[in-house]
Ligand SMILES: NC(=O)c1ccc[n+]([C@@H]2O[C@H](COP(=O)([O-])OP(=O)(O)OC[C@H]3O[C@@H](n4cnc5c(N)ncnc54)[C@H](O)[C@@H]3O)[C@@H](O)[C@H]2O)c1
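In the form predicted alone, a lone chain appears below as structure tokens.
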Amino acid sequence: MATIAVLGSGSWGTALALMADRMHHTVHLWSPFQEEVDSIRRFGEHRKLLPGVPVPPSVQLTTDESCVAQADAVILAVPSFAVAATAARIAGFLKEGTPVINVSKGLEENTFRRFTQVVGEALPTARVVALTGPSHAEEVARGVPTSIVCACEDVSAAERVQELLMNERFRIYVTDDVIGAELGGALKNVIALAAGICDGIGAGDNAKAALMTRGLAEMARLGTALGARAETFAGLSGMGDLIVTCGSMHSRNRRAGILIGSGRSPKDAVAEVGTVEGYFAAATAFKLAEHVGVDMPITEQCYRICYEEKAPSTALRDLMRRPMRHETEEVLWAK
């Protein structure tokens, strides 16, 4: 058994801590907020985010980031805006060569860097990997069967994480295409937000299916332009994550999109739902696509809805009126 430090006691961090605890690892679950730790201790569950799911005393709650010093692996499960600061916060405690498993999905604002790059810069002696794929925290916390991808250019580091965390309820595949895996996790949030908007305006199943399919195409288009393998987007970190995020009410991106499509302002929708990574990723992905010269029409319309007050119905009309083209004019799944 190993010692696992989980940084971030949101729904995903707590779910992974519970899973590791069920595997009989020694688990430290860290939060920067004393009141959050006190609440979980008092009620024996994370009432706000995972009500009804017991957090046993064997999960050691703490606000002391030095818990990473004795860890055999560290799971970084903070929101995207806190990844860089949290990684820097533990730099003085982390043992050389410790696997650091980033589970946040997104891109750093302005720099467009993937989070393994951000974490790697802050923790140069760590073995940084990405864990991504179709994995609602609400289901992982309850032991619902889940399959996910661990990505690292250093395959041995990904395989080490696979050995530590894979179990009969949590199957882990390994890939060395870390670019594709991370971009799939980041970009699908934008498409899921757009899918929720489709639901909110009552566009129907046909439109939503088309949006998901063409959304996957533009995800792959940007990914391959940045060095990813096209087939990665047909896997768990691309298609798999897109399906689960666009189709479930567990998805905050979809729920926020439904509110926006129903007439709420994007800012109000985000404030009501909570952390909506797709809202922030829409701006980053749109600017990145412009920077590298890749056409991403759904991402562009999502950006204009979120940041330029474009009406969702107008955005849908503009997507439907785009110039005629052949579906297979671009090779999406193989070079």
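All figures in this text were calculated on a predicted structure; none of them were measured in a lab. Throughout, we count residues from 1 along the sequence that is shown.
The same protein also has a form predicted together with the named molecule, omitted here; what follows describes it.
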Exercise. Using a 4.5 Å heavy atom cut-off, which stretch among 256 to 264, 217 to 225, 71 to 79, 158 to 166 contacts the named molecule in the model of the complex?
Worked result: 71 to 79
For this session: May I ask whether 8, 36 and 49 each come within 4.5 Å of the named molecule in the model of the complex, counting any non-hydrogen atom?
Result: yes
Exercise. Heavy atom to heavy atom, is residue 301 within 4.5 Å of the named molecule in the model of the complex?
Worked result: no
For this session: Report whether the minimum heavy atom distance between residue 135 and the named molecule in the model of the complex is within 4.5 Å.
Result: yes
Problem set entry | Heavy atom of residue 232 within 4.5 Å of the named molecule in the model of the complex | no
Exercise. So, in the model of the complex, is residue 275 in contact with the named molecule at a 4.5 angstroms heavy atom limit?
Worked result: yes
Exercise. Which of these residues, 252, 208, 114, 127, gets a heavy atom within 4.5 Å of the named molecule in the model of the complex?
Worked result: 252
For this session: Pull the contact list for 1 to 32: residues with a heavy atom within 4.5 Å of the named molecule in the model of the complex, in sequence order.
Result: 8, 9, 10, 11, 12, 13, 30, 31, 32
